[in-house]
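In the form predicted on its own, a lone chain appears below as structure tokens.
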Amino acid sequence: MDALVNKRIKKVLKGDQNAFAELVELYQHQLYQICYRMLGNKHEAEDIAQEAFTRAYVNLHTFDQKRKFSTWLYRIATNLCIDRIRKKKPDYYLDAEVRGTEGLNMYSSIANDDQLPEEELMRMEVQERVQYEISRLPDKYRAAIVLKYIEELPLSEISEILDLPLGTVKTRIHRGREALRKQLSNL
């Protein structure tokens, strides 16, 4: 995979914009997921993911091809998310989903053999609560928790993305997990 990505990067550096479109297609879903998990807002996550790809394209000449492209790209996105969080004041959108209805759509009315509708609703409420509590974590813990438990990245890659020593990453994950445990203790 890395060889394929590096081949595309070399094409982009030679001026082939279609090769970058292939990179976008390859990473867009996972990059959006990282942004959404950090920001908790669909529209902001889309904006930040797009901005991350734009910055990656503009600065591709600075990318060290001995490293993983995904790590570099995720680091750009994570930094942009943290910047957005720091600049953002609490605000409310008229088009925001009503609390407690996140994820409900026509599919939720289809009978499911696995879970009763009440169980599915409970599961969704728990997921919403966990996502909310993750969004309340301090930036440094939130980034580590999202990359470790939501994106399931290895510690070494998280260390590169956040530009922190491995021990610091482990500490932040531990402290973030403990903070989440406290916040969710009444769940």
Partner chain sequence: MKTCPENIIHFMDDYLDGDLNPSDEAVLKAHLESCIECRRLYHEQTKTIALVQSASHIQAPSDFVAKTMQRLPKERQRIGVPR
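Residue numbers count along the first chain shown, from 1. The model shown is predicted, which means the values in this text are computed figures rather than measured ones.
What follows is about the form predicted together with the partner chain, which we do not show.
Taking the partner from elsewhere, Ile150 is found to have a heavy atom lying within 4.5 Å of the partner chain in the predicted bound form. At the 4.5 Å threshold, heavy atoms of Met122 stay clear of the partner chain in the predicted bound form, well away from it. The shortest heavy atom separation between Asp163 and the partner chain in the predicted bound form exceeds 4.5 Å. When the partner chain is considered in the predicted bound form, Thr54 lines it closely, a heavy atom lying within 4.5 Å. Contact residues in stretch 10-39 (any heavy atom within 4.5 Å of the partner chain, taken in the predicted bound form) are Val12, Lys14, Gly15, Gln17, Phe20, Ala21, Val24, Glu25, Gln28, His29, Tyr32, Gln33, Tyr36, Arg37.
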